[in-house]
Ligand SMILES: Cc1cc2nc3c(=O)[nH]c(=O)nc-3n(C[C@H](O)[C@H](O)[C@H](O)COP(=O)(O)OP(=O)(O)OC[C@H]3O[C@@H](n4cnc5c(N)ncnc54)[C@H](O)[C@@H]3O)c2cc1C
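Given as C-alpha cells, the chain that follows is alone and in the form predicted alone.
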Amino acid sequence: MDRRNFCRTAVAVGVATSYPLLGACGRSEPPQATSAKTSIRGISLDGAEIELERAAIKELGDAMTGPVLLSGDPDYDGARKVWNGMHDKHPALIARCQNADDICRAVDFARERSLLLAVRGGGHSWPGKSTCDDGMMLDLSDMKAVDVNVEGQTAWCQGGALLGHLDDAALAHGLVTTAGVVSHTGVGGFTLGGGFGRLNRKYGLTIDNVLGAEMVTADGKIRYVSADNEPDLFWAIRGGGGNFGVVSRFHYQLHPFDRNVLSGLLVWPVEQAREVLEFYAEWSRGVSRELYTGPFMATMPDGTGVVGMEVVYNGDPTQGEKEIAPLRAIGTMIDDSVKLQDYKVLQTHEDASAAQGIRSYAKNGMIKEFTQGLVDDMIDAFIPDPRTAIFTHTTGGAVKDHGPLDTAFPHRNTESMLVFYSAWTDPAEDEEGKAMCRQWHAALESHTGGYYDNIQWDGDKTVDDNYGPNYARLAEIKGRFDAGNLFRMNSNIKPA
C-alpha cells in the first residue's frame, strides 16, 4: 500500500485500531438471579441496598411486551453491554422495552421502589451512564423504527434508533437532518444533549430540528411535548439531557438533500500544523453556511503525526470547490480525499475508531474563536501517541440563529467545540489513557468556556455553571416533573 492510501485508511480507522481487541474484565459475575427463590439484590436511588421481590419482577415481566432479563438469563450478558468497554456493569434487571407502555411500566416499577434507574438508548454514553450496578437498565435498543413523511419532510424516530438508522431512512427519500459523526450512536442521548453534526452550520443543531417528542415522565405518564403542548418540558429536553424522562419517539424536521456531496479529508504532516491552523483561524471566519470544516490532530498507527480537516460542502459542488481552494493551497498535503461522494462515506468513517467495546475517555470544551493563543497551545500540547487525538465540532452559522435562552442548550455563541479523545483496548492502559486526555485538555482549558454534556466524562461538579442562565429554569422544571430525581444517571440537574 502506498503512503497516500495508507494515510487515508489510517485516519479513517482512527487512533485505536492498531491494538488487538481484548475481552472485558473487572467485576466478577454476580450470583445468578434466576436461581434466587424469593428476592434479588438491588440498590436504591440513595445507594442503600434493597430487596427486589421475584414475584414483583415476574409481574412486571408478565405486563410488559418485551422481556425482563436477570443475571443468568441467556440474553442478559449481551443486553448489559454498552459501547464503552470501560463500563462493565451488572444491573439487577434489564427491562427491554418495545413501546411507550413498556417504558411506563418500567418507570413505575423503579419509582415505586426508589430503584436506581439507567436508560439505555444506543448505549453510547461516554461516561457509562446508560448502565449501572444493581439497579434497573431501561433498554430501548429494540425500539429502532424510523417513519418518514416524505410530503411533510418530517420523521418519527423511536428512542432506541441509531443515527445511522435516521440517516438511512431520510436519505432514501432525498432528505436529511443534522446527525452526529459516529453512525452507531443512539439518537436519544445525542438529541437530548444538543446534537452536533456535519450539517449544523446549514440546518442548526439536532435540537433545532426537533418538532416534538413522545416521552414518559417520572410519574409513569406518556406525554406529547411540542412548542404548543407542555412548552416548558419541550424547552428543557432540547439540551437538558435525560433529566426529564424517557423519550419513546422524536419528531424531526427533515430537509431536501443531495446525498452525493462534496466531502472528505484534507491531511497534512503535523510539522505543518502552524501554517494550516493559523490560516484556518482567519479563513474560517468568512466561509459560507454551506461549508463545514473541522480541524483535527492525531497520530497514525505508524507514528506519523497529522493535522487535518473534515470537509462537507452542503450545496453546489462547483461553488464548494472554489470555496475550499484556498485551504487546499496551504502547505503540502499528504492526502486529499475531498470529492463528490455519498454523504454516508464521511458519516461512517469514524465508526471503526469508535468500535463497540473500545475503552475510551473524553473531555471537551466550547470555544468562541480560533485565536493565535489557542493555535500555539494546540501545537505545543500535541501528544504523539496513536491512542489519543483532538477533534473539533464546528458550529456557527445556523447554530447561532437561536439565542442561548431559546432552548436549554446555552452554548450558542461559539464557533467550535474541542474534543479530547483517547481510546485503547488493554485494561492495563486505563489510567495512562485517561491521563493523556486530561493532560491535553488541561493545556487548552483556558481557551474554553463550558462543555458539551454528551461527551464530558466528569463534569457534574460544574453542571450549574455549564447551563449558566438556563440552570434555574431547568431546576424548576425538573422539580415539577421529577421531584424525586429518578432520572439522575446523567449530567444531573437537581430538582428545585
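The structure presented is a predicted model; accordingly, all values stated were derived computationally and were not measured. In this text, residue numbers run from 1 along the sequence as written.
Missing here is the form predicted together with the named molecule; even so, the following discussion is about that form.
S.K.: Under a 4.5 angstroms heavy atom criterion, identify the one residue in F370, W268, Y313, W126 near the named molecule in the model of the complex.
M.R.: Looking at F370, W268, Y313, W126 one by one, just W126 meets the 4.5 Å heavy-atom criterion.
S.K.: In the model of the complex, does Y452 have a heavy atom within 4.5 Å of the named molecule?
M.R.: Because a heavy atom of Y452 falls inside 4.5 Å of the named molecule in the model of the complex, the answer is yes.
S.K.: Taking the shortest heavy atom distance, is G135 within 4.5 Å of the named molecule in the model of the complex?
M.R.: Residue-level check for G135: no, no contact with the named molecule.
S.K.: Give a yes or no for H393: in the model of the complex, does one of its heavy atoms lie within 4.5 Å of a heavy atom belonging to the named molecule?
M.R.: Yes - in the model of the complex, heavy atoms of H393 and the named molecule come within 4.5 Å of each other.
S.K.: Look up in the model of the complex whether S416 has a non-hydrogen atom within 4.5 angstroms of the named molecule, and give yes or no.
M.R.: No - in the model of the complex, heavy atoms of S416 and the named molecule never come within 4.5 Å of each other.
S.K.: Just one of 188-196, 333-341, 371-379, 166-174 has residues with a heavy atom within 4.5 Å of the named molecule in the model of the complex, so point it out.
M.R.: Correct option: 188-196.
S.K.: For the spot marked by A273, P301 and V306, is every residue within 4.5 Å of the named molecule in the model of the complex through some heavy atom?
M.R.: Result no, not one residue of the spot touches the named molecule.
S.K.: Can you tell me which bits of 480-496 touch the named molecule in the model of the complex, meaning any heavy atom within 4.5 Å?
M.R.: If the 4.5 Å heavy-atom criterion is applied to the named molecule in the model of the complex, 480-496 yields M489, N490.
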